[in-house]
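One chain is shown next in structure tokens, namely the form predicted alone.
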């Protein structure tokens, strides 16, 4: 993001907190960041944490910003868009992190022709370990795409999708994905207790194993399939577990679960987008 750009956040919740933290840690001046929210107690907290200029009036905020991040719940985005519609500058870059709301609906609510990047971050962004899918509408310039990417890069890494419907797939994989791993960690820990470990030890073993495996997958030149093969000795303990998983359709279960998340994301986008 250009050092001279002013970025405003509508919504002061956890994801806004994560992105602001990342921006400041990466050299963006707090003087170039503003935030608004209806929760004055939360605003006071953010002001104390970051020494930011804060607003309770969204329209007043957007008048002073080159970039506006919509960091509110999807259910209130329509009202927020209608509130700020007449206060936006023509060249303002809109970055939406509101799950499920399509860019053409945001554009319709804000007035046609807006520069909109829709994003799908995930909760590890709170630890600067997030992954975000991004889609830019036809009004976004290459420079604005670079700006939007730099904002979300501050909390992890990013990738662009060419078709907006692929953000439903991103939602199903990485958006909802942390919960899948939490379930796996939880289930492994419970199984460890059933095998005789104490609860604290089982949980510690499960969490660290998940972390170590993820780091190996990220840092290795081998694919996850190749890594799995390397730790699966013939006729060994790992093979016994993997074969049980496969005999009970583990991969198919994952596929069906992600399809359910994909379909739900599409359903929510359609339902919320029909609001006027």
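Residue numbers count along the first chain shown, from 1. Being a predicted model, the structure only gives us computed values, none of them experimental.
One more form of this protein, predicted together with a small molecule, exists but is not displayed; see below.
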Site check 67, 87 and 117: each within 4.5 Å of the small molecule in the predicted complex by heavy atom: no
Have a look at 263-271, 8-16, 248-256, 21-29 and name the one stretch with heavy atoms inside 4.5 Å of the small molecule in the predicted complex. 8-16
Proximity of residue 42 to the small molecule in the predicted complex, heavy atoms at 4.5 Å: yes
Wondering, does residue 51 line up within 4.5 Å of the small molecule in the predicted complex on heavy atoms? no
Might residue 76 be said to contact the small molecule in the predicted complex, defining contact as any heavy atom within 4.5 Å? yes
Is the gap between residue 134 and the small molecule in the predicted complex 4.5 Å or less for some heavy atom pair? no
Just to confirm, with a 4.5 Å cut-off on non-hydrogen atoms, which of 170, 151, 106, 72 contacts the small molecule in the predicted complex? 72
Of 110, 95, 140, 80, the one that lies within 4.5 Å of the small molecule in the predicted complex (heavy atoms): 80
